[in-house]
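Okay, here we've got a single chain as structure tokens, the form predicted on its own, with questions on binding and movement later.
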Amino acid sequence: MNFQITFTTGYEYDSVVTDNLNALRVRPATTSSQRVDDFHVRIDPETRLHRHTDYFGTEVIEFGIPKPHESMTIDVRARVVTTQSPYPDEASWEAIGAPAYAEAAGEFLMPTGTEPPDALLEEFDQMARATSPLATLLLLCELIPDRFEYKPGTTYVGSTVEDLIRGGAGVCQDFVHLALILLRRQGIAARYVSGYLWAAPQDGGSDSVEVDTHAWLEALLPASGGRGEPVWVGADPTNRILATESHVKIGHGRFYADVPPVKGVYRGGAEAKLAAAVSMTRLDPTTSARA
């Protein structure tokens, strides 16, 4: 699929601020199933941008605005082409014990220190185990939305998995954090993914929609028969599906804090009012620069 993505974030401060330092993780990733044909960032007030790649491979755009200002706008434009990844292999549980699997898994098998007490997870541990790693991943994509209500406003960016379990409701970020914990407890490496999801109306009548930034996960699944390298497979427990060509990936990490779209600080006692909007437009393939 071919997408034009516009991500606009505006801050209005109730008094003057200075030394506004920010880090953006907003550039879509280049992967085997996704390429970026165009990407631009514009900041108002104008400033110089500095780019680097973080530990997990996500591009980070940093900038500072030293002069006094009462507002700031971040305008991001991207054109992205996605393709559907092949359906993953059905490998056995024994395959995740191979040295090649542990080497590829790295820190994505390790706990993060944000896990709730074991007593709150025992019920899910018993239900989450299926006949294979792939079956377990698919099971969790059904189990979590069956057990918890998707309800914006019930949690916030700093909420924990314990908040989700005790409250019974949350959003995509919460669903993913729980899935990561449960997969790792089963010995399956898993990582948090930040991006966008093309959420067109069911009747398919619109080629442009307003969306929110979205979260899903990638689980490391072994190749069948113990042959070949393990493969990272995207899964979206909020929508009960494996990731599709409608998912546009920005980056990944151990959890949300590794890939926030915008993170910044400023000098001054002002309160900030935030307004953010993401628009995705489905393009004809002939409009893509390289399609």
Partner chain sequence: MTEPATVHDPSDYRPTPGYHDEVYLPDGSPRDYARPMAEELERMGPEQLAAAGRRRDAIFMQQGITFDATGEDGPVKDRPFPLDLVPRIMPGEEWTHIKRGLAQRIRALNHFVDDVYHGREIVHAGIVPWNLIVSRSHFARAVHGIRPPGGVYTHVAGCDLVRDEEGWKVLEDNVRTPSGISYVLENRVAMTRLVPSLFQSYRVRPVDHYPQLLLAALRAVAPSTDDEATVVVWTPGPLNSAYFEHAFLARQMGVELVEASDLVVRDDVLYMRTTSGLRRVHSVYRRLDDDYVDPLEFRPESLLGVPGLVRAYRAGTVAVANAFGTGVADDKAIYHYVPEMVKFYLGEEPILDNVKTYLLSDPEQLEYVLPRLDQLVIKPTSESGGKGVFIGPSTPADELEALAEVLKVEPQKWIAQEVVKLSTVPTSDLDGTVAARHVDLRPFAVFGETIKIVPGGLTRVAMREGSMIVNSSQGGGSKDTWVLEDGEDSDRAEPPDVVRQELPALPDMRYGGWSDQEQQQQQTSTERGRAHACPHRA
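Residue numbers count along the first chain shown, from 1. Everything numeric here is computed off the predicted structure, so don't read it as measured data.
Not pictured, yet referred to below: the form predicted in complex with its partner chain.
Within this chain, residue 50 lines the site of its partner chain in the predicted complex, having a heavy atom no more than 4.5 Å away.
In the predicted complex, at least one heavy atom of residue 66 sits within 4.5 Å of its partner chain.
In the predicted complex, no heavy atom of residue 234 sits within 4.5 Å of its partner chain. Taking the partner from elsewhere, residue 62 is found to have a heavy atom lying within 4.5 Å of its partner chain in the predicted complex.
Each of 254, 264 and 267 places at least one heavy atom within 4.5 Å of its partner chain in the predicted complex.
Here is the short version: of 158, 152, 106, 117, the single residue with a heavy atom within 4.5 Å of its partner chain in the predicted complex is 106.
Heavy atoms within 4.5 Å of its partner chain in the predicted complex are found in one stretch of 124 to 132, 182 to 190, 142 to 150, 106 to 114, which is 106 to 114.
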